[in-house]
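We begin with a single chain expressed as structure tokens, specifically the form predicted on its own.
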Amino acid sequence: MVKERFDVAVIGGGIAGASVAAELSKDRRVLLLEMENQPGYHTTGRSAAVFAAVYGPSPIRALTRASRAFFANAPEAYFESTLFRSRPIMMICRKEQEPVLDRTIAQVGVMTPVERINEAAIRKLNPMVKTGYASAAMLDMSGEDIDVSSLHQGYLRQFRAFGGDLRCNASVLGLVRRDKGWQLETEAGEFTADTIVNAAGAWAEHIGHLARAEPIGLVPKRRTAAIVEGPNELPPDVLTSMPITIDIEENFYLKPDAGRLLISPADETPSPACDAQPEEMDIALCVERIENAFDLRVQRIESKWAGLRSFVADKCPVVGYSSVAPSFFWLAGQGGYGIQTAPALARLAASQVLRKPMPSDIAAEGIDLSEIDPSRLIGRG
């Protein structure tokens, strides 16, 4: 039996895999392998979907800034709706947390316009914050809600338009290096490819093990969220326009969502790679933290879910060729920032896969490849 041959096989059909596959398919014959019966079932489909240039370590913030132009003006041929809707970001702190707030403002304010505001301004923007709870906050008026489904489906549409081949129900069972290429055994059949891009999310370490690549110490962590009703006395227009409100040390967040409130304890509980489900203890913790900070009595949980966000030790992405497994490219460890960084990270990763220079607009944001290259993790895995 003749195995189908591709230039690049991308493993994982979530936002990371779909976006880099779309970029690579412009120049190469690309296979996109998804283990579920549809792409985006796991982390991508369970994201709070906020564009926040103040979030994360330096490489994440740079990639987020470099992604803004795409979100604001995505190609209409593939992305059928507006991807952005304004959503200010307010990171609040108690009095004892003010040193953390000031350090954060000093760090992120260099590249992103932010403002330090007092309690009166906080409660004007979000009247649900309890009187006396928050002494100050960092306000970023450049935040946006992201239409995750439109973003993900747009990349898949673009991928297909350039001749990409998507195979679902195609869990990878084995990877063997042969004749300067890779043989992939999957539940959908066997394939060969010159290069593998490992965009398997929480399963990326497993895929790396199959390829006998170096371990990167990837740890999937469960994040819980729920939808609840807002206070009856709060006018709908006020609820809709409120900022996403986040504890400065990310111990919780509250975000307006289609006339309701999305709440989370911002938990990071280590988990095996799996179809993550919410645990009652985490839901209870979520309600406790939210009710402690906001004038909100949670009467009923309307819906709840959990997703996995995968990190390495320094919480920066892992982007680059393995130093052990030839032509095996890591695209992993995006943590909770994979949606907001996807446009720039896909272009950056594609340039590195093809051994081309980094796109100039991304380089202008100060990306240092040594901060995301897998070689930095040697000895930590």
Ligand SMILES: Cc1cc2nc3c(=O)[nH]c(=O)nc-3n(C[C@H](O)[C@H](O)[C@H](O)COP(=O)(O)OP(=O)(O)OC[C@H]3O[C@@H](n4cnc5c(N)ncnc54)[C@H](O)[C@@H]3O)c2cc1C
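Model, not experiment: these values are computed from the prediction. In this text, residue numbers run from 1 along the sequence as written.
Missing here is the form predicted together with the ligand; even so, the following discussion is about that form.
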On the criterion of a non-hydrogen atom at 4.5 angstroms or closer, are His42, Ser171 and Ile339 all touching the ligand in the model of the complex?
yes
Could you work out which of Val318, Leu348, Leu33, Leu63 is the residue within 4.5 angstroms of the ligand in the model of the complex, going by heavy atoms?
Leu33
Considering Met138, Ile207, Leu218, Ala193, which brings a non-hydrogen atom within 4.5 Å of the ligand in the model of the complex?
Ile207
Which of 308-316, 322-330, 351-359, 22-30 lies within 4.5 Å of the ligand in the model of the complex, heavy atoms considered? The stretch 308-316
In the model of the complex, is there a heavy atom of the ligand that lies within 4.5 Å of any heavy atom of Arg223, even though the partner is absent here?
yes
Find out whether any non-hydrogen atom of Ala199 is located within 4.5 angstroms of the ligand in the model of the complex, and reply yes or no.
yes
Is Pro59 close enough to the ligand in the model of the complex to count, meaning some heavy atom within 4.5 Å?
no
Please check if Phe294 has a heavy atom lying within 4.5 Å of any heavy atom of the ligand in the model of the complex.
no
Near the ligand in the model of the complex, with a heavy atom at 4.5 Å or closer, the residues from 7-24 are Ile11, Gly12, Gly13, Gly14, Ile15, Ala16, Gly17
